[in-house]
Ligand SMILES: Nc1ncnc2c1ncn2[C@@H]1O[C@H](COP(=O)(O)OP(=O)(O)OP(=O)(O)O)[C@@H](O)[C@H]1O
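Below you will find one chain, with nothing else, as structure tokens; this is the form predicted on its own, and questions on how it binds or moves follow later.
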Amino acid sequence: MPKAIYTENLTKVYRSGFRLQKVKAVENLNLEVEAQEIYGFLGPNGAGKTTTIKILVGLAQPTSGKAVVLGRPAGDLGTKKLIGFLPESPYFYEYLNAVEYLTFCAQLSGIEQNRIKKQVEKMLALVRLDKFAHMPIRGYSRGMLQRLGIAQALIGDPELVILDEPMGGLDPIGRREFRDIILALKAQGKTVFFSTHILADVELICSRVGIILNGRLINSGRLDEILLSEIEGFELIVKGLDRKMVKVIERFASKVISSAENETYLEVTDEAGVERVLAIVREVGGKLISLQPKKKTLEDHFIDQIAKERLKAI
């Protein structure tokens, strides 16, 4: 099965300012997105995410290198029919209502006329806008507009869905519904590629991620592989220790919190410390309630990676 997205040394150079100085928005980007996976594309503002996405959907041409989407060169007309796209700042015809707008999008997508009404109703129900179907778009909130944008991206039943900051403007309920939609798309065998700043959501639904900074991909891989190696210590909850034993254990723990229920929460930095703590607990007849590794979150990893790259540039 061909890769859904493949780029090789992809570079995009713009000219900016009064002197038309060259600015590399994307530099030698080598990106691989497998078919039927959810891929999170991460990076700070100005990192090159939107430029990359514009190239993939054919809205911008690369300066050098190549981009292949669904086995064809990016921008191929036949391939565009298989892509659903939500830009970071979508434009809507505000004098239309949602039914009229999605009907127009469905016609552009080439959906048969006798299927359009049913598909529009399906999309409105999916993004929870069915109650506002005949309300003029100009009266929509930002979150409602974002839902409508997601609906238009999915209206043509695409094989590949590319979303640029799709969670902007969504409240926590809307973000959860969006995650459910994305997971449902994967279950249907579709590929989802999206950029976002909300890293907690990426950690919940993405199988792989790529981190881009200054137009260059600085890290890419499976989330479980990236985060598994970054264990910061261990968290334990034990029961049945008196104050004297808690004082003894404090020598091996970086953090100790005792509760009124005679439970003690401990943070230990290494396995040797864990063994010492468990030996003491067994010796005094205490009980281990839980033991789990304390791992970095995706947000921790992201911030560390960005900080390391910026230090290299100094």
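Remember, predicted model here, so these are calculated numbers, not experimental data. Heads up: residue numbers just count along the shown sequence, starting at 1.
There is another form of this protein, the form predicted together with the named molecule, and it is not shown here; the text below is about that form.
> In the model of the complex, which of the listed residues (K80, H197, R128, R176) lies with a heavy atom within 4.5 Å of the named molecule?
By the 4.5 Å criterion, the partner-contacting residue is H197.
> Which listed residue (E100, E232, E203, E88) meets the criterion of a heavy atom within 4.5 Å of the named molecule in the model of the complex?
In short, E88.
> How about T264: is it within 4.5 Å of the named molecule in the model of the complex, going by heavy atoms?
Looking in the model of the complex, residue contacts with the named molecule do not include T264, since no heavy atom lies within 4.5 Å.
> Are any of the heavy atoms in G48 no more than 4.5 Å from a heavy atom of the named molecule in the model of the complex?
Heavy-atom contact with the named molecule at 4.5 Å: present for G48.
> In the model of the complex, does G58 have a heavy atom within 4.5 Å of the named molecule?
Result no; G58 lies far from the named molecule in the model of the complex.
> May I ask you to state whether L20 is within 4.5 Å of the named molecule in the model of the complex, using heavy atom distances?
L20: no contact with the named molecule in the model of the complex.
> Exactly one stretch in 247 to 255, 37 to 45, 63 to 71, 276 to 284 has heavy atoms within 4.5 Å of the named molecule in the model of the complex; which is it?
Going by heavy atoms within 4.5 Å, the stretch is 37 to 45.
> If you apply a 4.5 angstroms heavy atom cut-off, which residues in 11 to 26 are near the named molecule in the model of the complex?
Stretch hits, in order: Y14, S16, V23, A25.
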